[in-house]
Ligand SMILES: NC(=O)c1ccc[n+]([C@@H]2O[C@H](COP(=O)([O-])OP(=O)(O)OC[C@H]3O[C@@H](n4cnc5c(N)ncnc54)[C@H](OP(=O)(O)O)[C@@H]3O)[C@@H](O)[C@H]2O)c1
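One chain is shown next in structure tokens, namely the form predicted on its own.
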């Protein structure tokens, strides 16, 4: 039995990944605030104390399963606050970094702690963004969080090289998709996000990929046993 563990799987790419893995007969566990699925665990990823408690409990249970392969997908992410940095409150900044960076690192830590000694194939997938490799006015926090996690994954991949049963850690840039986050992008004011017109145009021209299409590419990439530490495109 394969096991897929996904954060932010209530909708969008995360939801499509959950659907695809279930269709393939895998057991799926999903963490999100709305927790809409029978296999969901309710969790606000901006609440670091609660995240630590829930991940510890859930991964201790999952570690006892007899599995043929394990894939952990760190997909949950916040876009905002959007706009010039001086407009963000300290609470907004802390909440963003807790949800996008700290919780993702705690997720990776829990995964490694639970499955490091399992002999089956193990893959940690960080869902990244093109924003990790370039600055975008109005998206300073989002750019910072995505860049931080890509380099975190590179370091984890190096740590795993000498392990008897290494975890393959990779990042995937999913490209632009037709998701709720994209709707949020298109509602931005130009003074907050100067590139909003570009995303409006992509939507008008039908250039946003369906989450199900991108999910299939992510699963195929994992199945290909990619080189650890790299950033791959799902476009």
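From a predicted model like this one, the values you see are computed outputs, not experimental measurements. Numbering follows the first chain given and starts at 1.
The protein also exists as the form predicted together with this ligand; that form is not presented, and the subsequent description refers to it.
Heavy atoms within 4.5 Å of this ligand in the predicted bound form are found in one stretch of 139-147, 86-94, 109-117, 157-165, which is 139-147.
Taking the partner from elsewhere, residue 170 is found to have every heavy atom lying beyond 4.5 Å of this ligand in the predicted bound form.
For the chain shown alone, residue 33 is a contact residue for this ligand in the predicted bound form, at least one non-hydrogen atom being within 4.5 angstroms.
Remark: residue 78 counts among the residues lining this ligand in the predicted bound form, judged by a heavy atom distance of 4.5 Å or less. Within 4.5 Å of any heavy atom of this ligand in the predicted bound form lies no heavy atom of residue 218.
Not one of 4, 65 and 121 comes within 4.5 Å of this ligand in the predicted bound form, counting any heavy atom. Shown here without this ligand, the chain has no residue in 210-232 lying with a heavy atom within 4.5 Å of that partner in the predicted bound form.
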